[in-house]
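The form predicted alone is given below as one chain in structure tokens.
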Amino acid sequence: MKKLAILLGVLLLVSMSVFAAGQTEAAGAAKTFTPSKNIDWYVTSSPGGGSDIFTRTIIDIAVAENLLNGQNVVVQYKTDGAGEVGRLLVSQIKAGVQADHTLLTFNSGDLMPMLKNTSNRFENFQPIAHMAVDKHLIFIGEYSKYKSFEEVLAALKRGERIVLGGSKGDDIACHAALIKEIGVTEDQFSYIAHDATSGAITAILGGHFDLLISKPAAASQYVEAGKIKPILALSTSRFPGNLNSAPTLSEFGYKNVEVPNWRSIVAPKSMSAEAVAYWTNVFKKVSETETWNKGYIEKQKLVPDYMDSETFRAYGMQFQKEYLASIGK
């Protein structure tokens, strides 16, 4: 009987160990994440602009590299209220399956007007990955009456009114820095904002204003086609390739103006830690591909600058702090 009791005790201990191991394994499995349904990726600018090109490039690479567990990505364009409606929608998604399958293209050009015009803040989102930094140029179109930035400066000195068209956010901030540096008023060198750079490009191709401000990604194909021409680099140095003909502002005797636009991805604040880890890793793998570095970064003249979730969080919060201070908030 004593031997039987010992045997039963051993069997009980083994059973409990097996059960505990099974529970641990199950718990471990529950803490992993892979996409199990369509991914909703929100873009708060119109199709064809820099944010759209950025988003679709990443999606194409992720699909080609088999990083999405075979799931489809549905791009949702939410441009109402200059994109504020879409950003608010994403920030308010509740925890659960949907939150883990939702992404938002988010740039400094989105953050600045959001901070200025709404109560929504960077901390209302889950940072996922910072991918690159973009800079601006001024372009002329086929119907522009000015053929160089030297002619633009001369016209401004004569008191002529010039109209610049572009997108929102960082483009507007770049225009503000430019007119401050060259010493003219907003009435004389005015600005027309569009939902995306694609709309501004369409307008200048139709001759509806004098100058265009754009980052290389949205403008590159039109430069190659000879439809628009760069005349000023809003950067501390000239751009490479077919944008190299555009001088910097310092070449005209002014201080250079540069308002870099960072390109990144965020998610609902409620996204699970497991999903955050998964998506951060996906975009790290994307950033390491030749297609990303040669076909996007190099081709579109961007600066590669990958940051993981926590590094990007610190970066974004510091950017927000400094910008709020600059506008007196």
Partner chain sequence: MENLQMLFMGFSVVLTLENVMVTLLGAILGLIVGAMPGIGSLAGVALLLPLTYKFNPTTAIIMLGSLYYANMYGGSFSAILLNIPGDSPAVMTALDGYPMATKRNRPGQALFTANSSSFIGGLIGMLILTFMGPLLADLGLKFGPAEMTSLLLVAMTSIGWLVGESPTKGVVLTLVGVLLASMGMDTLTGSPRFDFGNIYLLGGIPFTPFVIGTVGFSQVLKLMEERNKKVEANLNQKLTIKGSLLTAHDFKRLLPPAIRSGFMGTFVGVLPGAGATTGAFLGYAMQKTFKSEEPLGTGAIEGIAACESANNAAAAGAFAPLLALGIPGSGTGAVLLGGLMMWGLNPGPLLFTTNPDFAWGLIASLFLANILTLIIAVGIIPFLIQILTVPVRMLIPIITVVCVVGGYSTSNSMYGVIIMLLSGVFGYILDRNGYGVAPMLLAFVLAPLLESNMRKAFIISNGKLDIFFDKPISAFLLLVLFAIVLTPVIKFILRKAGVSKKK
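Only the largest set of C-alpha atoms that superpose within 1.5 Å between the two forms is called the rigid core. Since this is a predicted model, take the numbers as computed values, not measurements. Residue numbers count along the first chain shown, from 1.
Below, we refer to the form predicted together with its partner chain, which is not included among the displayed structures.
Enquirer: Name the single residue among Ala193, Ile93, Ala155, Ala173 that comes within 4.5 Å of its partner chain in the predicted complex, judging by heavy atoms.
Expert: By the 4.5 Å criterion, the partner-contacting residue is Ala193.
Enquirer: Which residue, Arg161, Lys255, Lys180, Arg238, has a heavy atom that falls within 4.5 Å of its partner chain in the predicted complex?
Expert: Spelling it out, the residue with a heavy atom inside the cut-off is Arg161.
Enquirer: Can Lys269 be called a contact residue for its partner chain in the predicted complex at 4.5 Å between heavy atoms?
Expert: Close contact is absent here: in the predicted complex, Lys269 is far from its partner chain, nothing within 4.5 Å, heavy atoms only.
Enquirer: Counting only non-hydrogen atoms and a 4.5 angstroms cut-off, does Lys135 reach its partner chain in the predicted complex?
Expert: No - in the predicted complex, heavy atoms of Lys135 and its partner chain never come within 4.5 Å of each other.
Enquirer: Is Lys78 a contact residue for its partner chain in the predicted complex, using a 4.5 Å heavy atom cut-off?
Expert: Lys78: contacts its partner chain in the predicted complex.
Enquirer: Test of understanding: in the predicted complex, would Lys299 fall inside 4.5 Å of its partner chain by heavy atoms?
Expert: Close contact exists here: in the predicted complex, Lys299 approaches its partner chain to within 4.5 Å, heavy atoms only.
Enquirer: Among 80-88, 247-255, 122-130, 229-237, which stretch sits within 4.5 Å of its partner chain in the predicted complex, heavy atoms only?
Expert: Comparing against its partner chain in the predicted complex, the contact stretch is 80-88.
Enquirer: So which bits of 221-259 sit within 4.5 Å of its partner chain in the predicted complex, heavy atoms only?
Expert: Read in sequence order, the residues that approach its partner chain (within 4.5 Å, in the predicted complex) are Gln221, Tyr222, Glu224, Ala225, Lys227.
Enquirer: If the two forms are fitted on the core, does Ala203 show a Cα displacement reaching 2 angstroms between this form and the one not shown?
Expert: After core superposition, the displacement of the Ala203 C-alpha between this form and the one not shown reaches the 2 Å mark, so yes.
Enquirer: Core-aligned, is the CA shift for His175 between this form and the one not shown 2 angstroms or more?
Expert: Superposed on the core, His175 moves its C-alpha 2 Å or more between this form and the one not shown.
Enquirer: Quick one: in the predicted complex, is the Cα gap between Gly166 and Leu104 smaller or bigger than here? Answer closer or farther; it shifts by 3 Å or more.
Expert: Compared with the form shown here, the C-alpha atoms of Gly166 and Leu104 sit farther apart in the predicted complex, by 3 Å or more.
Enquirer: At a change of 3 Å or more, would you call the C-alpha separation of Thr185 and Glu322 in the predicted complex closer or farther than in the form supplied?
Expert: Residues converge in the predicted complex, at least 3 Å closer.
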